[in-house]
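Single chain ahead, written as C-alpha cells, the form predicted alone.
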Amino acid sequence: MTENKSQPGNDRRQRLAPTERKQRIVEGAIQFFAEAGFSGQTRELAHRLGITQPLLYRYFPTKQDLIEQVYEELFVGRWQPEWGALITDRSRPLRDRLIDFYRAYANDALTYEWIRIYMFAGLAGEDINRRYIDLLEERLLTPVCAEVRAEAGAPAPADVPIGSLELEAAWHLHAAVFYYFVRKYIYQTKVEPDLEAFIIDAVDRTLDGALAITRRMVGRE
C-alpha cells in the first residue's frame, strides 16, 4: 500500500538548519510509524532518514518525545481553527454545515498516515487516542449536540445539560466517516468511490434521526 506516502529524502550529506532537520525527522517519523507501528525502532528510522541515531536523539532525546511531536503535528496540527466557527454558524442549515465540515475533515485530516498511526497508537496503549477523543468531544461533538438542540427547538445545554446518549448520537456520524477510512487504509476493502455522496448520505441518515428523537424528547418533557 503506497497511497499518500513518499520516501524521505536521504540528507546524510546535507547541512540543514536545526528547524528544518527537526521537521524532516518528524515527517519521516510519521511515514515510518504509519508503516511499522510504534514497535518500529529509532535505529531503523534514523537509517531511513540517512542520519545517525545519536543525531536523532539530539532532537528527540527519547522515542516518546518523538511520538509526542508526531501527535502534535498529525492530530492537533491538522485541526483547523475555522472548523469550530463552521459548526456553530447558525446563519446556515445544520445539514450544510455538517457536510462542509466532514468534507474538509476527510480531506485534510483522515489521510493514510493519520488513520494507521491512530490505530497503531490504540494497539500500543499510547494515550494519543484518549487525548484526541477528548479534543473531539470538546471541539466537535458537544458543539454538534448543541446545534442539534437548536435545530430541533430543544432547550440549550445551559438550561438542560447534554446527556450521554446525545453525545453517543454525535459519535454515530463521526464514527461512520472514520470507519470509511479504516476500511480503506487498514482493511483495504472496497468503499463507496464517491466520498462526497457518502458524506451527504451519512449526514442525512444520522441528522434526520437525531432531530426526530430530540423533538420527541422535547414533546415528552
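These numbers were taken from a predicted model, which means no experiment stands behind them. In case it trips you up, residue 1 is the first one in the sequence shown, and so on.
From this point on, the text means the form predicted in complex with a further copy of the same chain, which you will not see here.
Among 63 to 71, 150 to 158, 44 to 52, 184 to 192, which stretch has residues whose heavy atoms lie within 4.5 Å of a further copy of the same chain in the model of the complex? Of the stretches listed, the one contacting the partner is 184 to 192.
Residue 22, heavy atom within 4.5 angstroms of a further copy of the same chain in the model of the complex: Taking the distances in the model of the complex, the answer for residue 22 is no, it never comes within 4.5 Å of a further copy of the same chain.
So in the model of the complex, is a further copy of the same chain close enough to residue 58 to count as touching (4.5 Å, heavy atoms)? Residue 58: no, not in contact with a further copy of the same chain in the model of the complex.
In the model of the complex, does residue 197 come within 4.5 Å of a further copy of the same chain, counting heavy atoms only? Flag for residue 197 set to yes.
Mark residue 175 yes when one of its heavy atoms lies within 4.5 Å of a heavy atom of a further copy of the same chain in the model of the complex, and no otherwise. It does: once a further copy of the same chain is placed as it appears in the model of the complex, residue 175 has a heavy atom within 4.5 Å of it.
Can you pick the one in 129, 142, 80, 88 that has a heavy atom within 4.5 Å of a further copy of the same chain in the model of the complex? Of the candidates 129, 142, 80, 88, 129 is the one lying within 4.5 Å of a further copy of the same chain in the model of the complex.
All three of 93, 102 and 162 touching a further copy of the same chain in the model of the complex at 4.5 Å, heavy atom to heavy atom? Checking in the model of the complex: none of 93, 102 and 162 is within 4.5 Å of a further copy of the same chain.
Those residues of 42 to 67 which, in the model of the complex, come within 4.5 Å of a further copy of the same chain by heavy atom: Result: empty, none.
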